[in-house]
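One chain comes next, on its own, written out as structure tokens in the form predicted alone.
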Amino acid sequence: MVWELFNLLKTAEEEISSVQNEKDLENWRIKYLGRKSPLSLFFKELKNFSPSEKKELGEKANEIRKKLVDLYEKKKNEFQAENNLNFSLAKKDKKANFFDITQPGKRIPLSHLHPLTLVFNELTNLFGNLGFQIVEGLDIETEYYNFDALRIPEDHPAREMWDTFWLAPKDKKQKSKLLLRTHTSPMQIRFMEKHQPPFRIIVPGRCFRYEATDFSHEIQFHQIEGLVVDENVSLANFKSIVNNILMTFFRKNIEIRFRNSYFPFVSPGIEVDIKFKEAKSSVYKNKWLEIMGAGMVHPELFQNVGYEKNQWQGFAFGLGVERLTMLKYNIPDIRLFFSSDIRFLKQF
């Protein structure tokens, strides 16, 4: 008899899981908890058992009855909660569907382009107007393209200028060490290996250096690399292009100077500085600010890519996008670019 009741409980549990509405739930209650249910009939028959059997069987039957009641109450509460939610949504929808045509319209907030995106777009358009082709490079580079092919071998002191993120080798068969590129200059070699002059390209992209962060330094930043190769190219051509780009970008509010510098992959090497005629911030007032490194492409780079000796000349340059953006929009801290602060982004 007890086993029949446990089978009854199991059947009831299976059936209640398929109950979809309150009407079916009421039918389930009548079937398993009603006056004519097998459980109710069992309680009526308990008087025919001995006192010891009556106690044991009665406890088992009450336990099963409690579980059936719990199943019923749980399902009933689920339907009640669902009805309340539907009522609330219907009430909300009714209110939402009301439209007062006399009310003025609401101004929808528009999204903003990131300041770095704005500067990238402006610079690529300016260079594009001068016939430059846009080329994309790789964030993960090999030691050969990032250093060796650019005249920076492993024992060269210039490597200390680039604090490098080295990547663990995939396996022992890996020929060249991998790293996060420290500059966009590797694309000079990669592009020249597959293309013959004349050409003029720019390479916008991210770079990475392992250094302490402060208001003017970050572990990731952006550069725009430029490369022009032709038979008769000189620094005069470079100065003309740079003057055109910077004067347009800063609305002619700057002075420009060129000074000697050193980079292993150019000869001679130069730095480009600017000074604002009318600075928005006292931090930049009457100060020369470095914004670009450049120079004539070293002849050894042409030999590394298989160009005919003494036939081609070229110049290369790399400008920091964050630095130009900070100067253009008077941004005091480079870390703001990667902070995702909505208050900062809404200004642009």
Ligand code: DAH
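Note that this is a predicted model, so its numbers are computed, not measured. One rule holds for the numbers: they count along the sequence shown, beginning at 1.
A second form of this protein, the form predicted together with this ligand, is not displayed here; the remarks below concern that form.
Contact with this ligand in the model of the complex, defined as a heavy atom within 4.5 Å, is made by all three of E225, F263 and F317. None of the heavy atoms of R181 is located within 4.5 Å of this ligand in the model of the complex. Among heavy atoms of Y72, none comes within 4.5 Å of this ligand in the model of the complex. Contact between R209 and this ligand in the model of the complex is found at the 4.5 Å heavy atom cutoff. This ligand in the model of the complex comes within 4.5 Å of no heavy atom belonging to A61. Here the chain stands by itself, but in the model of the complex one stretch of 63 to 71, 48 to 56, 292 to 300, 30 to 38, 292 to 300, has heavy atoms within 4.5 Å of this ligand. For the candidate set W162, F132, Y145, F120, a heavy atom within 4.5 Å of this ligand in the model of the complex is found for exactly one residue, namely W162.
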